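What follows is one chain in structure tokens, specifically the form predicted alone.
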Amino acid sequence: MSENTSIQALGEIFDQHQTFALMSHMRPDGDAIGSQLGLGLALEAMGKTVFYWNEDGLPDSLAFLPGSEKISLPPAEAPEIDVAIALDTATKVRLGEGNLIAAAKAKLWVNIDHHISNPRYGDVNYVDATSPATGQIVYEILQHLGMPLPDGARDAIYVAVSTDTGSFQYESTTARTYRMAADLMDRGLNVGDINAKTYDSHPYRRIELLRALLNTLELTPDGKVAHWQMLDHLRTDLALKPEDSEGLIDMIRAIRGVQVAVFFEELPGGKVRVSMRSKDRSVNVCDIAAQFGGGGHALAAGIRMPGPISDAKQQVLAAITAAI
């Protein structure tokens, strides 16, 4: 595992190179897209050429962000680029095959992330697992280096950090996070407007999904684990998009007495995606995920594993019960 670089060294990379490809993980969330736009728009303001790629494109739910139309699928042919930057992506493979092919000609790989399980796969790595969001790391890099912070970058960084901290509710939120938010407001962020667009503008199909999930909700006999499941046919039945399930797990995490919430999702092709949220420091879901080849954070982690979903549930719930 290579050591972290300094912010100063990142600044030299930004200064010395002209063409950058910014990428984030498949099924991108607010922190992934927000970090891409936050750093990318700042680099563009310095006169750099920036490509914004995501294997799954831009979620509709984030299309309100200024500059979000720049997010595209990776090109089939690798263009000439100086630097590939992976943002908010715990392992290189999570970027997706398309991104890896598109970035094949990059002279330098930079990895900027906040996942504790990140193995530091870049030529240059800046991983801060104490940060609640990659967006906050991007903000601190821009501040430290005195880089431009255009309005679009300001809004993107706020959404990145807000969504990854559960609206500044999670334990990972620090005093630095609130100081950052205050500074972004001083710079003209319209907090009421941006929160309304982020949290109060969901499509009806998301509520239909919630209804279906609630019908599968179960608690373990001791009341410490809440779990629900989504079968693959629901994707077609409700014409769902990947982002529609984003954040729904927080509803069952909020049940009194529950220590761990789990969302089991059947994927096309029979695999199972497992999302876990812990609200008890003594139950580290990243360690549980690692038993199945997954990873993430102590209080939020994920797994992709073989099905069927009944087997996956049995194995994961047994591991959680053992941890509790």
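Here the structure is a predicted model, which is why all the values come from computation and not from measurement. Residues carry their position along the shown sequence, with the first being 1.
Another form, the form predicted together with a small molecule, is not on view; read the next lines as being about it.
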Would you mind picking the one in T198, S167, T220, T91 that has a heavy atom within 4.5 Å of the small molecule in the model of the complex? T91
4.5 Å heavy atom contact, G67 and the small molecule in the model of the complex: no
Contact between H115 and the small molecule in the model of the complex at 4.5 Å, heavy atoms? yes
Contact between M23 and the small molecule in the model of the complex at 4.5 Å, heavy atoms? no
The small molecule contact at A300 in the model of the complex, heavy atom, 4.5 Å: yes
To test your reading of this chain, name the stretch in 138 to 146, 223 to 231, 180 to 188, 91 to 99 whose heavy atoms come within 4.5 Å of the small molecule in the model of the complex. 91 to 99
